[in-house]
Ligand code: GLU
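Next up: a single chain in structure tokens, the form predicted alone.
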Amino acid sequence: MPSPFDPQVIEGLYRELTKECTGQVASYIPELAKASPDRFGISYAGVNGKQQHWGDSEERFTIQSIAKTVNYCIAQKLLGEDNVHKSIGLEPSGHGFNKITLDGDHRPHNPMVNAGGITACYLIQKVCGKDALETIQKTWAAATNGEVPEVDEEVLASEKNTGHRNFAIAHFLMEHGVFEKGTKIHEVTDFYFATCSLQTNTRKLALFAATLANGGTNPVSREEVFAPKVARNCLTLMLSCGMYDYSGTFAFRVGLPAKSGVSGGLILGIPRVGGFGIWSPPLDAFGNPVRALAFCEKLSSEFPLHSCHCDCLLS
């Protein structure tokens, strides 16, 4: 199956968006503030294994909140969907990603906000213990057809030194019984920060997005990294909850599963077609990368990708 995307069109979008200069690089994690606002990379991986790249596709940055997708998948793989969702809800929160809030059943609203991401890490740690981070790293490697990702120690230290809101969220989860009595909260938060501090680039992100889009099977190695239903569940919650408090607007305008991170990374999954990995550090007010958002909207407009698209809408 050939790529449905004309490389010249993608090249044109990339060049057009290099001129975009709005947004601010994240500064609440001091180490992230060092990123150049001019960096911009795009990668595409198809479910046929074919790959294309534009711009700064080999530059390394940290995964940040995109880690929540793989952590959610691993939690399901280890514990099963039903057990995971006893602790983590399925609905958009209606609040910012780092709000200290739970749903009506005293659970984090979904796996894509900080409370849900921290809870997924807690669940993985319960099963894997001290091997939890290695489990994450090996899974990322399997999904991206590459080496085991390293932790950026400078970013990790910066996260720990400034992560007061996440510490508060973890204590809030403990208070409301999401964590068992006796849980060592600092070990959960340290693990969560480490998963967010793993290094990646757009080439790897595109392959991860393509693995999800391919029903959990890596399109290059043909290894099943996640069961098809696990990949489907992740894509579904990315569509409804993956873009912070902009998720509804993104679903309306783009209509595809996506997840962003405050380092400027974004993954876009197109079921049965492929995945994009995009990186551009300047963020909008919601914490989403400005150039990546614009690219996704233009891509969905240029090609019939929206999940609710039908030809009759064009007649």
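The structure displayed is predicted, hence computed values, not measured ones. The first residue of the sequence shown is number 1, and the count goes up from there.
One more form of this protein should be noted, the form predicted in complex with the named molecule, which is absent from this view; the next part is about it.
Interface membership of N110, defined by any non-hydrogen atom within 4.5 Å of the named molecule in the predicted bound form, is ruled out.
Although the partner is absent here, Y72 is not a contact residue: none of its heavy atoms lies within 4.5 angstroms of the named molecule in the predicted bound form. G261 belongs to the set of residues with a heavy atom inside 4.5 Å of the named molecule in the predicted bound form. At the 4.5 Å threshold, heavy atoms of D152 stay clear of the named molecule in the predicted bound form, well away from it. Residues placing heavy atoms within 4.5 Å of the named molecule in the predicted bound form fall in a single listed stretch, namely 26-34, out of 26-34, 268-276, 247-255, 44-52. For the options C196, A213, A120, M238, the one in contact with the named molecule in the predicted bound form, meaning a heavy atom within 4.5 Å, is C196. Comment: the named molecule is not present in this chain, but in the predicted bound form one of Q76, N233, N166, N201 has a heavy atom within 4.5 Å of it, namely N166. Contact residues in stretch 59-87 (any heavy atom within 4.5 Å of the named molecule, taken in the predicted bound form) are Q64, S65, K68.
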